[in-house]
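For reference, the chain that follows is the form predicted alone, supplied as structure tokens.
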């Protein structure tokens, strides 16, 4: 089947569904109508899309952690603690690495070893192995909505199991869960597999169940220019909307400069809504998520709380619909549930203090226009390469380097674009590669980098990039020599 941004034919979809559900024995438990009936039995307080829409309407910023362990009862215990003691508005189920690679037998071994060791021997929750009923136990045990968070190039069976299990939000996309995560998986295959995910989401929507979808905003997580992550988020939103998704949360990973981060969140929401309406999807609810700093963290817990608080300030001032919260143990590995709850409470305190203090000034407005102009250059070229089809255009854009994600492991990514901070800590383009910015935008970026170079009395070079990658872990934003 040729790749196109076109709603999957129902007969084709149902035929492939049988193959997907046969990948692991728990797939036999999935029944679409019975799953829809289960969703309809859930109280409104457990429905992700409703809570996000309400937060957007009332200009409230919600908080959500990352969390996931191997065993069902331990996972329920962890999420209950984060709900009750972390004051989380929304909860996650972070999926283990074996499941992300569709290695369900190894995940089963991990469950068995976790039982023997009396502790989690997996880095997340193996939802496919625990099956529909295990997932429903989680949903029924909690009072707030729960989202699936993972990193899976082929997430079709995971989607079927977790949707039937009552999850009302699902993260990821064919670009954002491929290029930053996998080395040798073709973009054509992941876009097709995620069209399946979105078509399934659309089927639930048509049957009266609105499930929230969230493209993964941060991508590689470090020094990603806003226009790059914006372009990916908007493309994945258009692909999802074509398959019938009607509730989308677009995300952005905090870069560190207050003005740029606030401008990025606001421009992302505005541009996503604009592009969806231009292409005929005018009934999609768009919300936003800020991911607190995704790079290196200080090992000192007090300093780590400073990084968490700064991310909280950005989310609150930007008016993000939700914030994905980090923990003070970020530099040390898997956090305790107590540390995870501390990060949540820290974030909630900052949000509460800034609830009535939006940031509106000329600098934010100017930065928004720069981000929008850069993003438009990329998206216009993607549509041109695809002759109007954004699925085809996205693949061609990566082949030609028009879309280029910094530091991504995929061999299908050009890896020619290099970002660096300017003298104020905003992310600019040091080496553009083939990204199709206008001469005016290229000159703007070059001037910003040169301004920093002169201030630091050194030439603009790759060393700046290296210094910036490690700066926050060392207590600075800009990697000064």
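Since the model is a prediction, treat every value here as computed from it, not as a measurement. Positions refer to the first chain, counted from 1.
The form predicted in complex with another copy of the chain exists for this protein as well; it is not shown, and the discussion that follows is about that form.
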Would you check whether another copy of the chain, in the model of the complex, lies within 4.5 angstroms of a non-hydrogen atom from each of 268, 275 and 373?
-> no
TL;DR on 205-213, 134-142, 277-285, 255-263: the one with heavy atoms within 4.5 Å of another copy of the chain in the model of the complex is 255-263
So, in the model of the complex, is residue 313 in contact with another copy of the chain at a 4.5 angstroms heavy atom limit?
-> yes
Contact between residue 431 and another copy of the chain in the model of the complex at 4.5 Å, heavy atoms?
-> no
4.5 Å heavy atom contact, residue 4 to another copy of the chain in the model of the complex = no
Does another copy of the chain come within 4.5 Å of any heavy atom of residue 400 in the model of the complex?
-> no
Using heavy atoms only and a 4.5 Å cut-off, determine which of 369, 387, 84, 300 is in contact with another copy of the chain in the model of the complex.
-> 300
Heavy atom within 4.5 Å of another copy of the chain in the model of the complex, from candidates 317, 200, 76, 238, belongs to 317
Checked 147-172 against another copy of the chain in the model of the complex; residues with a heavy atom within 4.5 Å, sequence order, are none
